[in-house]
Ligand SMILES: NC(=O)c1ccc[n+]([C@@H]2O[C@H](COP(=O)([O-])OP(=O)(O)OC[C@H]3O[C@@H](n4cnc5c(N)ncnc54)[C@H](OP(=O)(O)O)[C@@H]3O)[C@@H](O)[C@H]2O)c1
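Starting off, we have a lone chain in the form predicted on its own, written out as structure tokens.
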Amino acid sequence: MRIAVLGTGKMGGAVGRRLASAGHKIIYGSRDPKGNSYRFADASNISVKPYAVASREGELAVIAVPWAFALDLVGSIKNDLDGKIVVDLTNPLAPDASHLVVGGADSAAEQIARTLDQSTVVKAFNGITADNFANPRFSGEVAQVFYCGGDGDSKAIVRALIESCGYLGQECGALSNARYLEAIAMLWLQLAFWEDWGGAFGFKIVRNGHAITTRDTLP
């Protein structure tokens, strides 16, 4: 699959490289394609182009820019994303990462979906950090990637991408549940940095002593 990863920062870089290693063609979107191309020169199936070009060429897009820039970006390339699945991995963090600036009855994913009203938005990958992303195992256990969205076929495609990266995909219902997935990411940051847990941990949903798989249903 040709995947547009919009953003070449730590998380975009980690997700794109992992997807490239699984055999996908990655087209990074960047404000400075020439300046960022050298970072991916070692991978033959990765290229770096302007945001709009990457969005047009990708069959699916991943939003991997900071939240402060995300809505302006997707608004500017909306037509290039019409009819496509858009994976939102953003977390709407305050500049000092102390709290979420979107929450309660709304989420970053829902705001992106309202902007991209001709695309299908799926929330995914927002609960795994860039530093951990290359290794899907913690103490021998495969980590889960939670995802949610309103279209079952689109979620199945995103689940396949998650699993191609070596993770377990955990379906979490409607796109409105992104409100809670984004809060889980905030909990991870609080535990890692303010409670001094460090970064080597992840969250997993279990039931009756086993991990819930993508084929299980929650009660």
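Just count from 1 along the sequence shown to find any residue number. Small disclaimer: the values here were computed from a predicted structure and weren't measured.
Keep in mind the form predicted in complex with the named molecule is missing from the figure; the text below concerns it.
J.: Is every one of P136, L168 and F201 within 4.5 Å of the named molecule in the model of the complex, counting heavy atoms?
T.: Looking in the model of the complex, the three residues P136, L168 and F201 all stay beyond 4.5 Å of the named molecule (heavy atoms).
J.: Counting only non-hydrogen atoms, which stretch in 160 to 168, 147 to 155, 174 to 182, 66 to 74 is within 4.5 Å of the named molecule in the model of the complex?
T.: In short, 66 to 74.
J.: So in the model of the complex, is the named molecule close enough to S55 to count as touching (4.5 Å, heavy atoms)?
T.: Because no heavy atom of S55 falls inside 4.5 Å of the named molecule in the model of the complex, the answer is no.
J.: Does at least one non-hydrogen atom of T129 fall within 4.5 angstroms of the named molecule in the model of the complex?
T.: Judged by the heavy-atom cut-off of 4.5 Å, T129 is in contact with the named molecule in the model of the complex.
J.: If you check in the model of the complex, is L89 within 4.5 Å of the named molecule, heavy atoms only?
T.: Looking in the model of the complex, residue contacts with the named molecule include L89, since a heavy atom lies within 4.5 Å.
J.: Is it the case that M11, even though its partner is missing from this view, gets within 4.5 Å of the named molecule in the model of the complex, heavy atoms only?
T.: Close contact exists here: in the model of the complex, M11 approaches the named molecule to within 4.5 Å, heavy atoms only.
J.: Residue by residue through 18 to 57, which ones have a non-hydrogen atom no more than 4.5 angstroms from the named molecule in the model of the complex?
T.: Counting only heavy atoms within 4.5 Å of the named molecule in the model of the complex, the contacting residues of 18 to 57 are G29, S30, R31, N36, Y51.
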